[in-house]
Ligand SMILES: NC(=O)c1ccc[n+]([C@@H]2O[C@H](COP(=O)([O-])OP(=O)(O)OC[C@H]3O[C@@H](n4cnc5c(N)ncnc54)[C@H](OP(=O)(O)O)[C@@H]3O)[C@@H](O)[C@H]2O)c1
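Below you'll find only one chain, the form predicted alone, shown as structure tokens.
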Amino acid sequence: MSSTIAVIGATGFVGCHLVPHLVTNGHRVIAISRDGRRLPEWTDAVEARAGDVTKQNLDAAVAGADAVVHLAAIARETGGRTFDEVNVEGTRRAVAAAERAGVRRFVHLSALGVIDDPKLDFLYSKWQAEEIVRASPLDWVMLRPSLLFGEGDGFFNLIKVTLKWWSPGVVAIPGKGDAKFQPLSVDDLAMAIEQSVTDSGRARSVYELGGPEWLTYREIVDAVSDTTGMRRLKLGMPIPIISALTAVTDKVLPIFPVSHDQISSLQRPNYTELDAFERTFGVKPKPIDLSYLKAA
């Protein structure tokens, strides 16, 4: 059954993959972004609206929606934008707007590894956001994916940038490089989001999601290197040293590709059962494919 689905954060990485998926499956989409811009590939089934989760209520933005998908979040504090104002208070505004609009289904994109620990800024902000959603009367669904891959992603493109500009022959590997991840295709996530919107039986559920294999950080760096042809000598660096370095670069070199908080977050588990996605959504997720990184 088709629905009118408001997507908050429609022009971000996940949103750019989700909106076309929803349209292809017969839904009308209200695509909400800070500036209300319309992407060239969107059809007439997409209505672009402006809505900034940090500055205003979102009542007008979500008006007329049958469901709300909340994607808007930041993984790093830059440009004066903070985890508290975007990830936490932004979620509070989205939930409140959905309640006032009479929307029942609210799908919230969280992250694997969320934790009630203020020392891990990003993961703690996502935990706080979850608590806001959990406390609402909405028929919410929370999705906690591992690393997402696909055209326009953040993590794998960041490794590519690191290899290209910040690793002259040698790339630093945090610790032993054995932190484990479970990369999931953003297109598979889009399918999971749609099912979470349309399946009434999923109300008030939390799903931890990953792809069909576990990969260590070292193996991920190898995969990016192999795909791009930018092979580097991998040098293990103790976590305390990288943490001390990034604590300084956060202050004096904000363009440094990795933040202190991201290094700390790498130590949190970022994987789940290998069959979690198929068991939950009935489809085997795609294996990792980084061919899009070959583009300049």
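When you see a residue number, it is the position in the sequence shown, counting from 1. It should be emphasised that the depicted structure is a prediction, and the values quoted were computed from it without experimental measurement.
Omitted here: the form predicted in complex with the ligand. The next part is about that form.
If you check the ligand in the predicted bound form, you find no heavy atom from any of Val221, Thr227 and Pro285 within 4.5 Å.
The partner is not drawn, yet in the predicted bound form one stretch among 230-238, 261-269, 47-55, 22-30 has residues with heavy atoms inside 4.5 Å of the ligand: 47-55. At the 4.5 Å threshold, heavy atoms of Gly211 stay clear of the ligand in the predicted bound form, well away from it. In the predicted bound form, the ligand stays beyond 4.5 Å of every heavy atom belonging to Arg92.
The ligand in the predicted bound form comes within 4.5 Å of no heavy atom belonging to Gln182. Among residues of the shown chain, Leu18 is not one whose heavy atoms approach the ligand to within 4.5 Å in the predicted bound form. This chain is drawn without the ligand; in the predicted bound form, the residue among Ala190, Ile173, Leu147, Val88 with a heavy atom within 4.5 Å of it is Leu147. Contact annotation: of the candidates Leu71, Leu163, Val197, Leu215, the single residue with a non-hydrogen atom within 4.5 angstroms of the ligand in the predicted bound form is Leu71. Contacts to the ligand in the predicted bound form (heavy atom within 4.5 Å) from stretch 81-118: Arg81, Val86, Leu109, Ser110, Ala111.
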